[in-house]
Structure formats: structure tokens, C-alpha cells
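We give C-alpha cells for two forms of one protein chain below, kept apart as structure 1 and structure 2.
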Structure 1
Amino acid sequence: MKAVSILRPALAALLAATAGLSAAAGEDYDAQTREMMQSSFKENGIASKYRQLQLDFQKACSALVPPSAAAMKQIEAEQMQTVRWPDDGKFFGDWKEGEKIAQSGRGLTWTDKAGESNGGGCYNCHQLAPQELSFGTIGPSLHRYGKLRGSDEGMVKYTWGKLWNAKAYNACSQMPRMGDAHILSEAQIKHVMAYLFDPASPVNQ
């Protein structure tokens, strides 16, 4: 009995100490990783070393423990601020141009040149037109997107916002921020919008 009561505080202290230790080690590994993500890389062409730094949300979404629901809400609110609505109030361009942008996964690698227009890489991650069998599955199928979801103002605005900055609706989304990160221009996003919504677009067949 006596032994136990002596042991207990000692054990508690020991446990507290090891918990503290492993937390400290964890933080240390995080810092060492950030340092490594700088020191192991070099600039090559358009791929500058700035790319190794993390934006706040990128950092939060890289943690081994995902951000809390509240932190996610906060990120989404911040990212929503970045969404730029079309200057002329027009959301749609030409779906045929949109198809080319959806097909192309080119751009922004160190083997690409500055000033070339990028693709949206939509087919890398999504199914869209049914006749295109070469599609990825990281994102959901968008086949019949406009037909199934309708094209009321709310839906159109949501989709524009999603394309501009997917993180505004899903903090740690795997989908790139097409507008906010300057992957696509406003004109290109309009073309992609038409590809998703136009009744004549193959996506809606």
C-alpha cells in the first residue's frame, strides 16, 4: 500500500516528463522539416524557392493532426475574401475553349516557361465529358454538372468561387486555387464555367 502511494506521484511525474519530451521532440521535427524543405531545394526556371514557403492555410493543412472544425471555418472565411467576381458581371465564356483548358494539365513546373498560359488540369482529377475516358479520380465526377445542379445564381456563384479558390468552401481541399493562385486567368475561368454549365457542352450530354 505504502509502496503504491510513493510510486504514484513518481510515476505521474515521469509520465508528465515524457509527454513533455515527446511534444517538444514533435515541435522540433516540425521545425527541422521546415528547414529541410528550404535547404534541400534549389530554384529551377520559373520554380523559385519561394514555393518552399508555406501560406498559413497550407501549413495548417499539412499538420499530422488536421485543423479543428473551428480552424477550418476560419480558413474558409479568410479564403472567401480572396474570391474576385467577374468585373463585367459575366460568368460564362466559350465552352469549346473551356474544354481545352480542362484537358490541359500543363503549366507551372520547372520545365514550363514563364508567360505560357496554363491548363486547369480538370481531367487529372475529375470525370467531365463522358466520351473522354482518360480522367482521374482525385475529385468527384462532374459529368452532367450543369444539368444536374441547375444554373441559378447561387449555383453559378458557388462554382465561380470554387474555381477561384476551392479552399473558401473546404479549407484543406486538394483542388488548386485556380484564380487566387494565378493558375488560370479570369477569361479562362469563364471558359471553364461555360464548359460546366452550357447545355451544349459535352459535359452535359
Structure 2
Amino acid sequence: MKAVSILRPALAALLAATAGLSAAAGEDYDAQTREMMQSSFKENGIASKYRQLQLDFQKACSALVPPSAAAMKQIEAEQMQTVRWPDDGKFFGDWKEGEKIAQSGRGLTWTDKAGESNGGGCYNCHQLAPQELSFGTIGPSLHRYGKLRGSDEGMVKYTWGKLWNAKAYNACSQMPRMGDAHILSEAQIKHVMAYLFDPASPVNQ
């Protein structure tokens, strides 16, 4: 018992020292990582160093300590201001085009040409149509999205806003800012909206 009581203070001191070293090392590693990224990444075509810049809300959500509830609400309010509603007031396009966009993962690489259409890559995180054999589960299933949720004005606007900038509804959402980050165009988002809501879409079967 005496040996245990003697070891406890020593163990506590060792753990405290290790924690301090880990914190210091973590800060050094962060700086080294940023320097390495800046020096080793070369701009090529549409792939520029701009992608390495973290926006304020991204820094907050990447921190070791998650943002407080109040900070989350502030970020969401700020991001809501970036949501751009359809210029013509129409939220829906062609669901068949939306299906192609949702199932396409192309775009945003250095081999793509500026101005070419990107895919949405929605299948990477969501189940959409029942016939899909492989899909991601990071996000919830969207099967029967419109059938289960309805298509009243509030749901339609929520879905548009979520596609445009998911951070407006969940500050640290892992969902890409499809519209705000210029991944999809307004016309493409309209097509994806139709894919989610149209009764004839495979999503709602």
C-alpha cells in the first residue's frame, strides 16, 4: 500500500508533464502542417491555394474545443445571410437532371477546366433512391424525402437553404456549402430540388 501511495504523486506529475508537452507539440505540429501545405502545394488550373484558407467558422469548428451553443447560433445567423434564393422565385428544375447531378462526383480537381459543371456527389453521404446498392451514411437517408416531409413553403425553403449553405442550419455541419462555395450553380440546385421533391422522382418511390 505504501508503494502505491508513493507512486500516485509521481504518476500524477508525469501525466501533467506529458499533457503539457502534448499541448505544446500540438501547437508546433499545427504550425508545421500549415507551413508544409503552403510550401508543397502548387497551384494548377482551378486548384488554387485559396482552398487552404480557413474561414472563421471553419477554424471554430476545427478547434479542439467545440464552439459554445451561443457561438454556434451566431455562426448560423451569419451563414444564413449568405443564402441566395432563386432569382426568378422558382425552386424546381428537372428531376432527371437532378439525379445525374446527385450521382456525379466529378469536379473541383486540377484536371477540370474552369466553368465546367460539377457534380453534387450526394450519394457519398446519403441514400437517395431505393435501387442504390452503395451509398454513404454520414448524412441521413433522403429516400422518400418529399413524400415524407411534404412540399409546403417552409420545407421547400429549408431544403433550398440547406443545399445552398448547410452551415446556416448547423454551424459545424459536414455537408458542403453547395451554393455558397460555388460547387453547384443555381440551375443545378433547382434540378436537385426537383429530384428530392418531385413525386415522379425515384427518391419518392
Ligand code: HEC
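In this text, rigid core is short for the largest set of C-alphas that superpose within 1.5 Å between two forms. Please note that residue numbering is based on structure 1, beginning with 1 at the start of its sequence. Predicted model only: the values in this text are computed from it and were never measured.
Engineer: Please state whether structure 1 or structure 2 is the form predicted on its own.
Structural biologist: Answer to the question: structure 2 is the form predicted on its own, whereas structure 1 comes from elsewhere.
Engineer: Taking 2 Å as the cut-off, check whether the CA of residue 110 shifts that much or more between structure 1 and structure 2 after a rigid core fit.
Structural biologist: Yes, the C-alpha moves 2 Å or more.
Engineer: Compare the position of the CA of residue 45 between structure 1 and structure 2 after a rigid core fit and state whether the shift reaches 2 Å.
Structural biologist: Moves: yes, 2 Å or greater.
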